[in-house]
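Take a look at this one chain, the form predicted alone, written out in structure tokens.
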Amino acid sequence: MLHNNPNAISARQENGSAQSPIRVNAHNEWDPLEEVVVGIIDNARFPRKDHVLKTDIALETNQSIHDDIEIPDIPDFVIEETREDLDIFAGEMEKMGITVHRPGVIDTQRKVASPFWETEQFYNYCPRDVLMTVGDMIIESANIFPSRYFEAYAYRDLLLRCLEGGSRWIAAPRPRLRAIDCNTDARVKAILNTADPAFDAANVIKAGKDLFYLISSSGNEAGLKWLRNTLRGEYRVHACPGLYTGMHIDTTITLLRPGLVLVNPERVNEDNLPEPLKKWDVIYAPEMEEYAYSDLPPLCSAWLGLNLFMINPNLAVVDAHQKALIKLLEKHKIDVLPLKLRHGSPLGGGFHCVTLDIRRRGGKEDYFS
């Protein structure tokens, strides 16, 4: 049964809420996990009026944005199976003693607007896209889709608890996302040609004092400049251009533990690997197993299989379909918890996407000096 109350919160969040303060502490992608957010699929729908999303779909499918871009409905069975998969994932982490939070449910049918556009809303499946934790900070990103403009409000109670716990809370400036800001002819570097800072939080991965920022359709150079200026003196933010023009970094480069990085062999090579990572051992991912559990068109490539989530330096949550990848990780002394997100590709995210690490045990280290 779908929840239609926009003010409702998930049962897991409600039951666990003494509303105690939360202290954000997340310095990298691998330290032992203590507290995390896992997304939800309630009220999932694809927004039909989001002109940036339509531009992205048109460019991905070699259509014109002036064509009648078909936006499908999400079948009920996809929602129910995804809810089951997410709950299993959250439950496995709770068994390990990890505190799991869930976002509030939003009314995706309700329209939102700015002076430049009007659209319906997206769904709260991927907290990784709209929020980023860096040290003791939690940062709201300058997301590129109008339908996700207000998505961070679904996490407002959690953000207030982080503020109460002494954590810093920063929001990036919201881009205007006007129709004229869309590249409409062909994908050159990005969906957007706006001068405004625009980036999804999933364009960034962290390794202590160093952050890696993918310049792509979902993260422009103005967003990089904003992040560098905001974190100046505390972090080194490395630009990663020329790797992947699609969307996020976490299907291209995956940081496993200090000194070990997993990369996408179709996008990354010895020449374009970010300079600091050339000091680490690099392993190239095997070919990904492709699969589908519905007729929905994919929003992600088969490389979503690289979108794994590190519980600690010796344990990764990995798509159970990716047998070759699992063997490769085990060869490098990383244990694997194989789980499924059956509809991750059409819904737009794997295990790294559907999480936001709030607290990991450990401090800020310099892994590259």
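So that there is no doubt, residue numbering starts at 1 and follows the sequence shown. Bear in mind that the values here come from a model prediction, so they are computed numbers and not experimental data.
One more form of this protein exists, namely the form predicted in complex with a small molecule; it is left out here, but the text below deals with it.
Answer range among 99 to 107, 113 to 121, 69 to 77, 246 to 254 for contact with the small molecule, defined in the predicted complex as heavy atoms within 4.5 Å: Every other range fails; the passing one is 246 to 254.
Proximity to the small molecule in the predicted complex, single hit among 310, 300, 334, 44 (heavy atom within 4.5 Å): Comparing distances to the small molecule in the predicted complex, the residue within 4.5 Å is 300.
Touches the small molecule in the predicted complex: residue 267 (any heavy atom, 4.5 Å): So residue 267 counts as contacting the small molecule.
4.5 angstroms heavy atom contact with the small molecule in the predicted complex for residue 126: Residue 126: yes, in contact with the small molecule in the predicted complex.
4.5 Å heavy atom contact, residue 346 and the small molecule in the predicted complex: Taking the distances in the predicted complex, the answer for residue 346 is no, it never comes within 4.5 Å of the small molecule.
Contact test in the predicted complex: residue 356 vs the small molecule, heavy atoms, 4.5 Å: No.
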